[in-house]
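Only one chain comes next, encoded as structure tokens, the form predicted on its own.
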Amino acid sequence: MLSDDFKVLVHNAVGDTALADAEGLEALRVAFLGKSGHVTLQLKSLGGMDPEARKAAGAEINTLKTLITDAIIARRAALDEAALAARLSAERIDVTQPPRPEPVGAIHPLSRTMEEIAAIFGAMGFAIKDGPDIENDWNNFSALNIPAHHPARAMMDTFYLNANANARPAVLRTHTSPVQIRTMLNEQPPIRIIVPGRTFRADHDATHSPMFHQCEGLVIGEGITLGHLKGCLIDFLRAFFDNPALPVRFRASYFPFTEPSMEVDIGWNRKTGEIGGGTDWLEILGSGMVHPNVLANCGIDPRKYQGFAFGVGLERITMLKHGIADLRLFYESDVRWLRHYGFSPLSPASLHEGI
């Protein structure tokens, strides 16, 4: 049976729990219920008793263990409640005071343009692809029919990394066309994708930036013609500029990765800047039928498959649509500018509601 001294010890300890703080409460639990606690030692001593004495002592010890455990749990709940009350009292706020007004955020015009393009081409069945900003020479130039000696590389004077004598350096991509190459290398036709993203070239003035955004498109399949290219781009431009009668003109041009190649112009008024008005023309994007060499470089049989590609500068069409005069303003992080040209995050681009 338990000694009188042990009973007194337990009685006093349980009585003192009403005065214990959280640390004292934990110390009490360890002293009685821990691996070397008083109750634990008493339980271990049962093995040396005869069966009758063990039964009686075990019941008594278990009763005391339950009593201590319940007392500790009750005291811990009281301490937690007191701590919460103290915290609520200390952190009380005056709800009658009006909150300070927080500035309303806005979607950046470039982000909005990407949303609109995704909505338009998504309705045409295009998928969106993405790729790394740092590319190898093959994906950025050679696979696109731009070998090392080609003068088109000089037109894309850009930023190289890890230059050494044993290998061609990596490059910050000069267009999003490398994603087209990656897609053609990894997927079989039919292919219908758009590729929005950052690009890098060594330009910096009111209409150029060392870092800017493009959206390129690629369609590969059997029987693809210039008619498909023209229809796709005319529909896109008229939807984007919200002008069903927008004049669109295709001019012969040259790009190493397309043949034939065409610049695309839209009607506008040079004096007023009105899109679709006047008798002037404004170059808006480049396009063409995918060069057979590009298809062959990606393992696609140009005798069976044809395709078209196009590319448009996102800053350029955003400036035209919203009357922004200087491209550099896109990157100056001026909150006043963003409040003026930005868009509500609660009104996403949708063809159903109108771009």
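The shown structure was predicted, so the numbers you read here are calculated from the model rather than taken from an experiment. Heads up: residue numbers just count along the shown sequence, starting at 1.
From this point on, the text means the form predicted in complex with ligand PHE, which you will not see here.
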- Message: Taking 4.5 angstroms as the heavy atom distance cut-off, pick the stretch from 35 to 43, 56 to 64, 326 to 334, 310 to 318 that is near ligand PHE in the model of the complex.
- Response: 310 to 318
- Could you tell me if all three of 201, 216 and 286 have a heavy atom no more than 4.5 Å from ligand PHE in the model of the complex? yes
- Hey, in the model of the complex, does residue 175 get a heavy atom within 4.5 angstroms of ligand PHE? yes
- Message: Even though the partner isn't displayed, in the model of the complex is residue 258 close enough to ligand PHE, meaning a heavy atom within 4.5 Å?
- Response: yes
- Query: residue 180: heavy atom within 4.5 Å of ligand PHE in the model of the complex?
  - Reply: yes
